[in-house]
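Form predicted alone, single chain, as structure tokens, below.
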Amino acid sequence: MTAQDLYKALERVNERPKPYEFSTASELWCDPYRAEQMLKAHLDPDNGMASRTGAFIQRSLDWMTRRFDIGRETAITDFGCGPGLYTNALARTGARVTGVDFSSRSISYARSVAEQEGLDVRYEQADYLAYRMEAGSCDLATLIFCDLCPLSPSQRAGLLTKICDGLSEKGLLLLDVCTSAMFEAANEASNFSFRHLNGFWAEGDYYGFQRSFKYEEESLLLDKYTIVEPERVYEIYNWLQCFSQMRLREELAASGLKILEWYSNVAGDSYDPQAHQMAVVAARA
């Protein structure tokens, strides 16, 4: 490789794409090796990379059970359920739970736990952007760990509309998102390392570049990863939409939902405008 070739390759690493120009969610979550790394992270109670810590999840479950009066026959759908850390626990209350996730590795693990315990959980391996609940069938829908934020505006609108249609007359939606405070605290940066993120991206040797971008007009963050293996080069794009209260209220309203309550997180902590995340409870308008 000539110096000119290397320079062009590094220029590509640093290219700023247009907002939501590329989507690589399936490559991140469904690649067999990375799916296994994600599952390990999910199941490590001290690892907050793929899901929140075990202590937080338990606190969140305790609050959710009280706040939504979850019990026998409560119909719950968890979008992006992963390996069932919430869904199986909620099913232990007697609730009728559906978990939706497009990672076959995560769904298989969640289903095996449910079967071993005899829990009433229906697991659907599917892209939740395409999944549709039966109209009026759901008492509580959950979309947590900021799963709304990587989606484009049109994807968010479509998903929220489907959720709204699926809620029962008194059904509720619990979701959390990244905030404007998080956007303001973020900085554009770049880093590079051998076997970046401790070997997360591939089983063999590779070099990883991470380039972080801010899009001021959209309040949008991007972590762009360029992975260089001996036989291939590929990119992973992790978009994160950050929300003000007004923006979140308007997006939900456009899909037929109204916000009833504001929190700092899905454990029910009081709303803090300086927090990097916020959670809401919403209902059909």
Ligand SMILES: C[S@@+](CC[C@H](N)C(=O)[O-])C[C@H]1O[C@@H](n2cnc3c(N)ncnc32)[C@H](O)[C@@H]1O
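What you see is a predicted model; the values in this text were computed from it and never measured. Note that residue numbering follows the sequence shown and begins at 1.
FYI, the form predicted together with the ligand isn't displayed, but the following is about it.
> Is D147 close enough to touch the ligand in the predicted complex, meaning at least one heavy atom pair within 4.5 Å?
Output for D147 is yes: heavy atoms within 4.5 Å of the ligand.
> Counting only non-hydrogen atoms and a 4.5 angstroms cut-off, does S51 reach the ligand in the predicted complex?
Yes, S51 lies within 4.5 Å of the ligand in the predicted complex.
> Since only the chain is shown here, I'm wondering whether S103 would be in contact with the ligand in the predicted complex (any heavy atom pair within 4.5 Å).
It does: once the ligand is placed as it appears in the predicted complex, S103 has a heavy atom within 4.5 Å of it.
> Considering only heavy atoms, tell me if A157 and the ligand come within 4.5 Å of each other in the predicted complex.
Heavy-atom contact with the ligand at 4.5 Å: absent for A157.
> I need the one stretch from 194-202, 137-145, 91-99, 115-123 whose residues put non-hydrogen atoms within 4.5 angstroms of the ligand in the predicted complex.
Of the stretches listed, the one contacting the partner is 137-145.
> Which residue, A75, L129, A186, M133, has a heavy atom that falls within 4.5 Å of the ligand in the predicted complex?
Spelling it out, the residue with a heavy atom inside the cut-off is L129.
> Let me know the one among R59, H42, R67, R249 whose heavy atoms come within 4.5 Å of the ligand in the predicted complex, would you?
Checking each option against the ligand in the predicted complex, the one that comes within 4.5 Å is H42.
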